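A single chain, nothing else alongside it, follows as structure tokens in the form predicted on its own.
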Amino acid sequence: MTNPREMLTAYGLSPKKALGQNFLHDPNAVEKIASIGVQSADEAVLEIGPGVGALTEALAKRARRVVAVELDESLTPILHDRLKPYANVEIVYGDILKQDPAAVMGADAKNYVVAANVPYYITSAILRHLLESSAKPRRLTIMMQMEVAEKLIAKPGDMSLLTVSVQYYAKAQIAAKFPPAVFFPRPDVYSAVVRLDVFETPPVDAPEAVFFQVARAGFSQKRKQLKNSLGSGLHIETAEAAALCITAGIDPQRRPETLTLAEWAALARAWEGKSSAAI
């Protein structure tokens, strides 16, 4: 039995809307994600939200090791029974956002990948948690809402804080697209699998903490001109924020969504220089 509706019914369970549970039931979709997610039989995989174990099983057939983190302990009987034949699978029960990836992956913490169909309402939080971790994955393959996927690959003109944050850490590409019908229950949105190849070093030259301080400030009032949002976010006068932009070679009247990653880095360096000079 592999149909999630039938499996849940057999175990006296049903999807929990509060946890954003939409289980993959299309075997072609499962195989597609697994084939993108695992590139070598020697890879160690962190899966988030195994659900009823469809993707977990596909990953286990391809990878050396799979560690699956599941929040919903009521799914334990299904996962235990389904994954019993796979000695290379470990189930960890808990909230991934409260887990240290290094502790979860243990000996593989310096060389692991992520493959997951995550609850859509916490996609951004999961990405931040993993990419900001001291033990970053080498690659992430994540099924997410199409709208979020498009944000991750956005170009200047449509950038958001999420776009800038992800592109600071990784190269993003949409690897596959799926209709609502591949899930049970069916969501109201189309979905996409995004592959993120994590950089060994950031693609721009700016201290990480300062880069994100400036980026968060810049997007704090997205519809305003950069000088206004930076002024408010950095707690400085608008004139000072305008001067900061000019130092970085950027028109203070531009909107934050138009800036490139390199321009955010230039702003970060200008702000670091100004802060250092004030000490």
Ligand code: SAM
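Nothing here was measured: the structure is a model prediction, and the numbers come from that model. From 1 onward, residues are counted along the sequence shown.
The same protein has a further form, the form predicted in complex with the named molecule, not shown here; the description that follows concerns it.
Judged against the named molecule in the predicted complex with a 4.5 angstroms heavy atom cut-off, the residues D72, V118 and I122 are in contact without exception. Proximity to the named molecule in the predicted complex, taken as heavy atoms within 4.5 Å, picks out 87 to 95 from the listed stretches 162 to 170, 87 to 95, 190 to 198, 205 to 213. The closest non-hydrogen atom of P50 lies within 4.5 Å of the named molecule in the predicted complex.
Among heavy atoms of A262, none comes within 4.5 Å of the named molecule in the predicted complex. The closest non-hydrogen atom of L24 lies within 4.5 Å of the named molecule in the predicted complex. Although the partner is absent here, A10 lies well away from the named molecule in the predicted complex, with no heavy atom inside 4.5 Å.
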